[in-house]
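Given next are two forms of a protein chain, the same chain in both, each as structure tokens and marked structure 1 or structure 2.
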Structure 1
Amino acid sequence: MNNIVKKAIAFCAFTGLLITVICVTYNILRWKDTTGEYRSSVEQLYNTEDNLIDVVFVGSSHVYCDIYPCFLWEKAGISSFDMSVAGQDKVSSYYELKELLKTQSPKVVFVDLYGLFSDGNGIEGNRYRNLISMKPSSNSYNHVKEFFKEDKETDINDYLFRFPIVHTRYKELTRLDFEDYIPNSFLRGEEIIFTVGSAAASPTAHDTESSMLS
């Protein structure tokens, strides 16, 4: 009997250790918006204090390019947040808003209707941005299931388990993948502002890696 108990403890300890190591590995490799200097809306949401946001703007790049939460704060004292992801489709809008509502209680939600007619512009990277940037939960699971409801060709397990997509990031790891940084809270939505009639983005000065870590 003693032997069985010992083996059961060893088995549980091993399983626990294995799961911990896999989680740590996943946290390093997990999808991050490297083309957006590691500042995705979802990442910023997770680093926002609970019940801080009064107004939310949900939508695609139109939102983060055109709506400037800092302006609302400075001019009207409204705490707002751009829950925006490049190529955000309507399914992703719904589930990303649900993710936000887990920790925030906004009084007003504005939704960019572009998502109703968009499939993420068919860009593969936008799928990843929308589908695997949330923390794994029943919400993210339902998000993936709903997104691929009509799609019989895509293996949704890749999106549910995520490792099949993110594991090749070992080729591009940087310090930011290993350190628990806090995304700059003042850059939300104000970083890239398209001017009317301008095709190209005219970004303001980007934060350096060191300032983001501070």
Structure 2
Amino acid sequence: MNNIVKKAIAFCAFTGLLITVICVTYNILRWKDTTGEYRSSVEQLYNTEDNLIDVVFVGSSHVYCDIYPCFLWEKAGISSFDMSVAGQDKVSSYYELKELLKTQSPKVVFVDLYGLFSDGNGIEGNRYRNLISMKPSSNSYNHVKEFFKEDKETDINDYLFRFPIVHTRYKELTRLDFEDYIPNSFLRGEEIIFTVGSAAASPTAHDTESSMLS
């Protein structure tokens, strides 16, 4: 009897240690750039107090580069959040919003039209950012299932279990993989770039002006 108890204790201890090692390893190797530009709207959401957000902007990089919650708060007293991910498609917009509604009760939701006309992610990294950014839950599971509903070739287990995607990251690890995002709650999903330089209209803008004049 004592031998059985010892084996049971050893098995439980080994299992617990194995789970701990896997969790710690995954936390280091996991896809950190879950929004774009090495920032994370989802991480900021998880670090935001419940029922704090009144207005939500859902969408792609057009949102996190152009909507500034801190400005809206300073100028109009509006508590807002950019629930945005680079290249966000309409399926991802829906499930990202559902994730936000777990803890927030916004009065108004604005949706970026870019995602409404996009069925997928043109960049592989954007697909990872959209599909494996949220904490594992029934919501993240349903997100992956619906995204690949018409795709019978992709192995969705890579996205459901995540580790098959991130275990190849050993060569690309940087200091950011071992540190928390700073700040990870203040910006409310926005992107701020501290650079100074000249700006010029894109060639597309010049072409449009020329065609209008002609």
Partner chain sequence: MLFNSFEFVLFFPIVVIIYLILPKRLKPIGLLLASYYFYMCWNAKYIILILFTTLITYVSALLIEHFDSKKNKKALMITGITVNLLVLFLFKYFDFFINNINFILAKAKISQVNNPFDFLLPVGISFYTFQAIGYVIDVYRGETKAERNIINYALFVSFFPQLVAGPIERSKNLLSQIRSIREKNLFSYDSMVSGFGLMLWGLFLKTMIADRAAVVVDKVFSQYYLYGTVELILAALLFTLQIYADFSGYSAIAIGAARVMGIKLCTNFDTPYFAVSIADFWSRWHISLSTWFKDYVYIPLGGNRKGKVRKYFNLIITFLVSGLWHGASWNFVAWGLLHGFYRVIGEVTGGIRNKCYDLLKVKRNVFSFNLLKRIITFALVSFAWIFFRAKSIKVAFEYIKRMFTHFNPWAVFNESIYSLGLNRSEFSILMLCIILLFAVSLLNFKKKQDVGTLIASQNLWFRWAVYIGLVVIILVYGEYGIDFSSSKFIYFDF
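Because the structure is predicted, anything quoted here is derived from the model rather than measured. For clarity, a rigid core is taken as the largest C-alpha set superposing within 1.5 Å between two forms. Structure 1 provides the reference sequence; residues are numbered from 1 along it.
Comparing the two isolated chains, structure 2 is the one taken from the form predicted alone; structure 1 is not. Superposed on the rigid core, the forms differ at Lys7: its CA is offset by 5.9 Å between structures 1 and 2.
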